[in-house]
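First comes one chain, alone, set out as structure tokens in the form predicted on its own.
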């Protein structure tokens, strides 16, 4: 990192510090000779301007902070990509952090972003951060919830109707004749999981003879899905579900791996399976996976648009954008 200062550049060029500042920020106010001398001094000394410090002095930043639940999940990777592309189109960059479903890590990222005085914060929260985000807004840093709606409407948000998504998934399984359905996912405290389960229950409750069993996982990962799949496969046939709705596609992929390893079980003949998110892996699984599709990249793009709109007009009321999920049927539940 360069340790050369503006004063060093001014001394080397034989000009004042103010002249160097003008060359860097308002070159039209400086004579061509002075511009040439300053630029030569910058090149010879290897001076690198500290844009971060300059932005902080000006009270503004060109960075946006984004916190997601798990960046290794392709759904959140696509949300981040959408946010980055939209931010870049407006001259901003995105600082990405993954909470890994850890509430303390989530808060540490919010603290870091506030210290960095980012232009705004986007977050897919694990814990209850609404009050923390409201404090950020009161200090001039707008915040937008991503993949979760605001409980009281006090914060802007971009999400998918997960209750409708859960209902879509289980209605599809019921329409194919399945009646012993298991919901696999967790932790239950994750709002998206709770909403998908709520929709699943509503669908099952509306059909005579249908039942919904809940198998909670410690996290929404392939390994946790595989563990749940091994538990299901080890049961006697009469105690096994005939269909599984996984809270996301990573859990569904793990379930599929465990089930296909049991040569006595076949998907979907013995157990139909559907996931959630429609990540790229879903269509290329050993048995192509049915899923509930979310517009992941569009969620990220829209979140940045809401954030920049709020930053430009702090008095603007919060906006709640809700996309509708889409059922994608493949071999795992056909």
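Positions refer to the first chain, counted from 1. Bear in mind the structure is a predicted one, so any value in this text is a computation, not a measurement.
Omitted here: the form predicted in complex with ligand RIB. The next part is about that form.
Colleague: May I ask you to check whether residue 273 falls inside a 4.5 Å heavy atom distance of ligand RIB in the predicted complex?
Modeller: Although ligand RIB is absent here, residue 273 would stay clear of it in the predicted complex, with no heavy atoms inside 4.5 Å.
Colleague: Does any heavy atom of residue 147 come within 4.5 Å of a heavy atom of ligand RIB in the predicted complex?
Modeller: Judged by the heavy-atom cut-off of 4.5 Å, residue 147 is in contact with ligand RIB in the predicted complex.
Colleague: Contact with ligand RIB in the predicted complex for residue 183, defined as at least one heavy atom pair within 4.5 Å: yes or no?
Modeller: No, residue 183 stays farther than 4.5 Å from ligand RIB in the predicted complex.
Colleague: Tell me, yes or no, whether residue 248 is in contact with ligand RIB in the predicted complex, where a contact means a heavy atom of each within 4.5 Å.
Modeller: Taking the distances in the predicted complex, the answer for residue 248 is yes, it comes within 4.5 Å of ligand RIB.
Colleague: Since the chain is shown here on its own, which stretch among 67 to 75, 132 to 140, 103 to 111, 82 to 90 would lie within 4.5 Å of ligand RIB in the predicted complex, judged by heavy atoms?
Modeller: Partner-contacting stretch among the options: 67 to 75.
Colleague: Note which of 220, 255, 169, 123 lies within 4.5 Å of ligand RIB in the predicted complex, where distance is taken over heavy atoms; exactly one does.
Modeller: Residue within 4.5 Å of the partner: 220.
Colleague: Would you mind checking 189 to 220 for residues with a heavy atom within 4.5 Å of ligand RIB in the predicted complex?
Modeller: Contacting residues: 192, 196, 220.
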